[in-house]
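Below sits a lone chain in structure tokens, taken as the form predicted alone.
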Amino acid sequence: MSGRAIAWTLALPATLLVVLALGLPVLATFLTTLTSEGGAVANYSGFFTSAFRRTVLWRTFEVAAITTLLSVLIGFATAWVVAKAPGQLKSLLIIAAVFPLLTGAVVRSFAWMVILGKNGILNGLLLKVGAIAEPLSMLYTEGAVIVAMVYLFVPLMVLTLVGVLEAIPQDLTEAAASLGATPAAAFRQVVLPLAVPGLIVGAVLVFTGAFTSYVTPQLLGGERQMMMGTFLYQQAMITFDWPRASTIAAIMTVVTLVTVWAMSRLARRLNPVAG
């Protein structure tokens, strides 16, 4: 038996498990949208002809995209500091970076409710220093959801990037500097292309997590800032409209897959070797 045949044989149990546990439920969801009363045309046209549903979809995509962009910027800067730190300090910084992951999303979202509420810590501080005359309404806004999402997903970005940045040889940046490249040019032409695979993986994790999130949008956005995850829960568990819930789930799946495909294409364009 060839090495490739052995590899496929070893991978077969895990492949079957993924197909049974993940593939079949997704397929069943798509089939529900095709076989329910009215068929696919009625289900999908009903979604996209509704201004409210289009707004929910666009808001979800916007929040996920902004969250991903901010997480990439903050996570890259943090991971760079961690990767360049000496041994013991690096361990402490990694622990500090991933510490938020030790608490659940519900706890972290409630913490942001305490911080951003009208009687919360941030409003109290701003009133105390005289920056505002009356408390600001920061809860149940798109900004509150984005802030909490960034806090939620930056640790994932840091964990993804630290190993990638550590693997970049210092000799490459030193060689670029010896050839006359400025630090900014060396970063742009050497470090950034080599970090692209980690950036794309981290961005995919953040985007998919933010796009499908339920707890944080529900607690910090509420009905006024409804997103696809909360809308799906409402249709499935409150109104028990399974065809509409399946349609929402199918649209979320397609948007996520298209975004992952687009990010993969971007990775191959920015770093052909990695692609």
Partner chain sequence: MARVHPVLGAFAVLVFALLLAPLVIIIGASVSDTTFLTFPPQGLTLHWFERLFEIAAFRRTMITSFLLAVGGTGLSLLIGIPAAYALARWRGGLPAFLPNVFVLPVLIPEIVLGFSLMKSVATGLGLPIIAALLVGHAVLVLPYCVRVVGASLNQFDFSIEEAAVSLGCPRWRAFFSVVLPNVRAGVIAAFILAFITSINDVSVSIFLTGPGVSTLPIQILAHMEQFFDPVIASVSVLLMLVTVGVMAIVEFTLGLTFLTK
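Here the rigid core means the biggest group of C-alpha atoms that line up within 1.5 Å when the two forms are laid on top of each other. Positions refer to the first chain, counted from 1. Being a predicted model, the structure only gives us computed values, none of them experimental.
Another form exists, predicted in complex with its partner chain; not displayed. Remarks below refer to it.
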Subject >> Heavy atom within 4.5 Å of its partner chain in the model of the complex - the one residue of I146, A97, V201, M138 that qualifies >> reply: A97
Original post:
With a 4.5 Å heavy atom cut-off, would you call A262 a contact of its partner chain in the model of the complex?
Top reply: no
Original post:
Quick one: is V154 in contact with its partner chain in the model of the complex, heavy atoms, 4.5 Å cut-off?
Top reply: yes
Original post:
Should T78 be classed as touching its partner chain in the model of the complex when contacts are defined as heavy atoms within 4.5 Å?
Top reply: yes
Original post:
Is the gap between T68 and its partner chain in the model of the complex 4.5 Å or less for some heavy atom pair?
Top reply: no
Original post:
Even though the chain is shown alone, can you say which residues of 253-267 have a heavy atom within 4.5 Å of its partner chain in the model of the complex?
Top reply: T253, T256, L257, V260
Subject >> Rigid core superposition, T160 Cα moves 2 angstroms or more between this form and the one not shown >> reply: no
Original post:
Core-aligned, is the CA shift for G143 between this form and the one not shown 2 angstroms or more?
Top reply: no
**OP:** Spell out whether the Cα of L205 moves at least 2 Å between this form and the one not shown when the two forms are superposed on their rigid core.
**Re:** no
